[in-house]
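Below, in structure tokens: the form predicted on its own, a single chain.
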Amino acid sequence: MSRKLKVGVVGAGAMGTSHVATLAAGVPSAQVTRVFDMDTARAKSVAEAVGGGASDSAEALIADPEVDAIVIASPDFTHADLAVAAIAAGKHVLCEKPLAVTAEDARRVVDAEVAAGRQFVQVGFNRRFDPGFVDLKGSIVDGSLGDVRLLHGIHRNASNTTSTDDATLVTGSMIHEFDTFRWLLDDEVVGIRVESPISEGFRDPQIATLWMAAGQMITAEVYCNAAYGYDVRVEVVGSGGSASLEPRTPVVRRIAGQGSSSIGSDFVAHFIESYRLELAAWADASLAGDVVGATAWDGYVANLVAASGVAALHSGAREAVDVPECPGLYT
């Protein structure tokens, strides 16, 4: 029997619990051995459901010899410290987005890897593994759209309990778009403006305009409390055509003169296959001592874009995004 990656999961909320279940049921190369959560009873229940045990602390989980690699699914403000601790322990990490709350903290993770001389961290930008997004990127790479001129992105939640103010909407939700566009175009964001039709209180929705180094312009709408459901779409417009990623449902009901299809409200369910593919790729790469998907550097750059986005929301002006030279470890 081939060796399995023994995984410890920090955080047993909706995302962490889903990852535990997916690793157990859908990733043959991994085995969840430990779970930690501030809610000890919940951690114990989630772990025991898949044959694992609960740890007394995140630090104990990272140090546990029964843990080869760590999934970080705890609150955002804990991510950077946990990732740095895992690097110090020589253990691979899948860190849910964002890598950190601030670019400065994200840079600490990058610096820890550079000092170690190898990569350990994959950031959980799961859209890079989603079949629809992969297909959309293929339409860009194969040249069938001609020269890409514009991208339009929509990211709506029915409700959101984590992005609850102007800044966290950018740093916690819109950060998905920042990584997605960098990855789709294999290019860097050089400028950003963020605006909202709401003038007082929590400014939700927000619309960002981004400028890429190669000249493309992008619009990104993020609406965390859109009420009707979870809805993620992207359109790429080129000189020779366009390609759209839009959710599809297999059944359209026509009743009493109206046609309709269902729209889910659960982001985990919406992207469940991409999470499985992401976790499987991470487990296989970790066993091989490699890192796939978004790197710590990608996570850091997304935080840089987010920081400029928050500044733009306050200033009302286009803000520059200055990305420093990428360390050789990531090139």
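All residue numbers are counted from 1 along the displayed sequence. Just so we're clear, the structure is a prediction, and the values are computed from it rather than from any experiment.
Below, we refer to the form predicted together with a further copy of the same chain, which is not included among the displayed structures.
The putative spot formed by H152, E195 and Y228 is fully lined by a further copy of the same chain in the predicted bound form; each residue has a non-hydrogen atom within 4.5 angstroms of it.
The single contact residue among M38, V292, V50, A63, judged by any heavy atom lying within 4.5 Å of a further copy of the same chain in the predicted bound form, is V50. Residue-level contacts in the predicted bound form: of A54, A69, V27, L304, one residue has a heavy atom within 4.5 Å of a further copy of the same chain, and it is V27. Heavy atoms within 4.5 Å of a further copy of the same chain in the predicted bound form belong, among the stretches 176 to 184, 94 to 102, 78 to 86, 202 to 210, to residues of 202 to 210.
Taking non-hydrogen atoms only, G90 never approaches a further copy of the same chain to within 4.5 angstroms in the predicted bound form. In the predicted bound form, a further copy of the same chain lies farther than 4.5 Å from every heavy atom of R34.
In the predicted bound form, at least one heavy atom of A243 sits within 4.5 Å of a heavy atom of a further copy of the same chain.
Among heavy atoms of R108, none comes within 4.5 Å of a further copy of the same chain in the predicted bound form.
Contacts to a further copy of the same chain in the predicted bound form (heavy atom within 4.5 Å) from stretch 214 to 243: G215, Q216, M217, T219, E221, Y223, N225, A226, A227, Y228, D231, R233, E235, V237, G238, S239, G240, G241, S242, A243.
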